[in-house]
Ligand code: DLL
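Coming up is one lone chain in structure tokens, specifically the form predicted on its own.
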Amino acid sequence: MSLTQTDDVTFATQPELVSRDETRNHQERLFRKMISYVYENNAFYRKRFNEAGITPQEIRGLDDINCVPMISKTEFRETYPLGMCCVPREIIREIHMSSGSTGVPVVMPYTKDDVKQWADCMARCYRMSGAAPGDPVQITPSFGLFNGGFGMYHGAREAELFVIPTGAGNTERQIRLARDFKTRIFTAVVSYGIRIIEIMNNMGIELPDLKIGIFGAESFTDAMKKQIRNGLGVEPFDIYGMTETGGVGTLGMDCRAHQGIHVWEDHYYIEVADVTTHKPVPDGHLGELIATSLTRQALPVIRFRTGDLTRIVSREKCSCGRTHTRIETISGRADDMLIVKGINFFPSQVEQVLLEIPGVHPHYQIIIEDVEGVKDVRINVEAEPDVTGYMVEKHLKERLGFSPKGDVYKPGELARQDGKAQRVFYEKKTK
């Protein structure tokens, strides 16, 4: 069954530029088709629909989407490994999965068409950043079950780029290869961009050919974008996608206007909902992103609660000419909110505030101390010698409303990781 076939030539060749009405009509058609598809091809979805008392015939379009049950990571884990898959095993061509921090990973299978859809979305991201055929692209995310490396690779092949598939780690070699092969495009998890800058400075090497940086997998604050822009000399782009939607780049990226992440609405329908009630919030209000696959074949998600917090920035045409809805950079995760002494905050807020302080480096630790049920927070930072603990505490108090304990370390003293940075640590203590 083809979920993407269309007779609309304009939509097939320039889906990002068509009118809002054309996009909506396209989504309506694919949504109705997808509801029938998952009901007919997967026992899990069929049971969920039956328990909700609905049939595909009753879902006439997107106006009825609130009748459809939501899903979350819980359902992925309860149906591990392939209980939500809609195709027979013999046509699966690839799988990727999450890290499985709870012990049971989230698995995403791909058919040949799904790999093509992923490659198309990623190639679109590359082109939107200004990449052109033949440009050298260095892919630093790992190649394995984590989707980052392979997603960047599939898209680079589709965009006809010159692929340098370094994978993760060995930062000094990464820098030398970027210099030797005149890398123009660099892809990485956000925190690894900072690690590259640090090692470049230690080595005394510059990368004058590097122009485009595509970063994902972690919260990407404006302060961190500024650090990477200044340190690497690149134009940084915030790419968005996750295992459950099919991998990096499947949901979208910001364009060169940097006025929000363009969502690939020809492939996904999104909602922004209240974290507690799961009811829609008005455009411009913060909420949890809910994603529905419109074109994936092996395991399409229907009303998947991503856990990511964002807001609709605009549904109007962007200055770049694209018409797809734009969302704000992900500000955090609903389950990452920390509550200490009655103050609610997210790690990304701490990062933004710390990097406002002159002399503070983008390496920090948020340590939540639990002393027999009573929580306190300690924030350790790296900074230049003229930055004091009092300065850090005072700024955090003014901006976030609490005064944490903590220490100021010399640059390079806090532990480093080549992959995703660990920012939050938990310590249990007794009196």
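As the structure is a computational prediction, the values presented were derived from the model and not from experiment. One rule holds for the numbers: they count along the sequence shown, beginning at 1.
Missing here is the form predicted in complex with the ligand; even so, the following discussion is about that form.
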Heavy atom contact within 4.5 Å of the ligand in the model of the complex, the stretch among 263 to 271, 310 to 318, 326 to 334, 126 to 134: 326 to 334
If you check in the model of the complex, is Ala217 within 4.5 Å of the ligand, heavy atoms only? yes
Just to confirm, Tyr240 within 4.5 Å of the ligand in the model of the complex by heavy atoms? yes
Could you tell me if Ser98 has a non-hydrogen atom within 4.5 Å of the ligand in the model of the complex? yes
Should Gly148 be counted as a contact of the ligand in the model of the complex, where contact means heavy atoms within 4.5 Å? yes
Within 4.5 Å of the ligand in the model of the complex, heavy atoms considered, which of Thr171, Gln352, Thr79, Thr306? Thr306
Heavy atom contacts to the ligand in the model of the complex at 4.5 Å, residues of 35 to 72 in sequence order: none
